[in-house]
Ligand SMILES: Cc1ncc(COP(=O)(O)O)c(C=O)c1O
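Read the single chain below, which is given as structure tokens and is the form predicted on its own.
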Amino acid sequence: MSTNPVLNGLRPVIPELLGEAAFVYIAKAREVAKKGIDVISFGVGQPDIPTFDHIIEEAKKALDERFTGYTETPGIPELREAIADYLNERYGANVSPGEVIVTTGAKTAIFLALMAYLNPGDEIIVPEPSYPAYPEVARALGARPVFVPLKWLGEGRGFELDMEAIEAAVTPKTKMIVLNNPHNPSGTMFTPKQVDELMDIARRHRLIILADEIYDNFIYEGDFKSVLTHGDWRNHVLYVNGFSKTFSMTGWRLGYLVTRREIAEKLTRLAVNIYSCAVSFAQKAAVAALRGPWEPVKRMVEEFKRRRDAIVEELSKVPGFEAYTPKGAFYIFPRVKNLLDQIRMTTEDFVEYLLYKRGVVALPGTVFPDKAGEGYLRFSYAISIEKIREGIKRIREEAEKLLEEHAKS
């Protein structure tokens, strides 16, 4: 073994972290594209619509005015005020600007929240399949993610939270429960009743809910209920949101964490030692994003609803696929176990086959921890309807061919 401390001094948990597979498949897709194959990617959760013009113009104006230095760590006052106004107008949350911390993306808000509360040995309940950041950060902090599978209700119905299983998973070591609503990777929008029930569990067991509502504007039908509508949210909620999805600002790296004032003040001291502050001129642009106009957001969501309808229609034609109509976000997580059983492939094998055979990128459900994603695929429909139809057509053709081959063998 080397005596090099850089090579051998890593904490054991670090090599065990899984990362985020969407970014791995970006690299694989580029490899395939270099071979001259036309790649259609359903992989990354990134709107394909450029950041709206009025937001870009505000950033340019800030740059022209040389607004390029450090800002206050929790964010410039006008942005914190704009975030509070947005949440109060939409959810009646009575948030004050002093309860808002602007972060370098929603992932940083998640990291701050978990770092502030999770000690080694603590447990955090994570409904699965899950966005990888929650369990990954928990593990890095020495805490233990406790995975509770979503209920699969069957073709045409999708998923819901298993409230009995969540409550049964609570132990004396439990510190937090994750609520990602609307949900990545399934696109499920949990019902107001289930949001209320989860808050009741938090009250009874004196737990914290890490509420990630970054897809709260991608709602296609039904009633969305934010945890911030509960009058006692300050006692139980650490609220995460951001600008990447709603305003197509993924590369601007802006998110925010909302918590009661005295906790926000303490977390600001943690934040200053991690990232000092969010990008100055991007914060000015974010004020413009929240103040409006909101018509570009509405048009984008309407377009994504059309895309959702198209991908549901096309996936329903693929033999062995069990699809449903997601009500939020821009993902669908169809069950493909029936197909995989017949063609004798694993989820990962099928994904690799589609990529290298037909240039189609879907993500294996197994990369959305822990085990509930086996036999599922995630599709992001943040691409044009034409690409959606062509990509799913290629998958259908391969599925039909593989089924025919295995029927003969």
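Note that the structure is predicted; figures quoted are calculated from it, not measured. All residue numbers are counted from 1 along the displayed sequence.
Keep in mind that the form predicted together with this ligand is missing from the display, and what follows is about it.
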{"property": "Interface membership of residue 327, this ligand in the model of the complex, 4.5 Å heavy atom rule", "result": "no"}
{"property": "Residue 80, heavy atom within 4.5 angstroms of this ligand in the model of the complex", "result": "no"}
{"property": "4.5 Å heavy atom contact, residue 288 to this ligand in the model of the complex", "result": "no"}
{"property": "4.5 angstroms heavy atom contact with this ligand in the model of the complex for residue 106", "result": "yes"}
{"property": "Site check 131, 134 and 214: each within 4.5 Å of this ligand in the model of the complex by heavy atom", "result": "yes"}
{"property": "Interface stretch in the model of the complex with this ligand - options 120-128, 162-170, 253-261, 311-319, non-hydrogen atom within 4.5 Å", "result": "253-261"}
{"property": "Selected contact from 180, 248, 283, 226, since only one has a non-hydrogen atom within 4.5 angstroms of this ligand in the model of the complex", "result": "180"}
{"property": "In the model of the complex, the one of 87, 198, 110, 150 near this ligand [non-hydrogen atom within 4.5 angstroms]", "result": "110"}
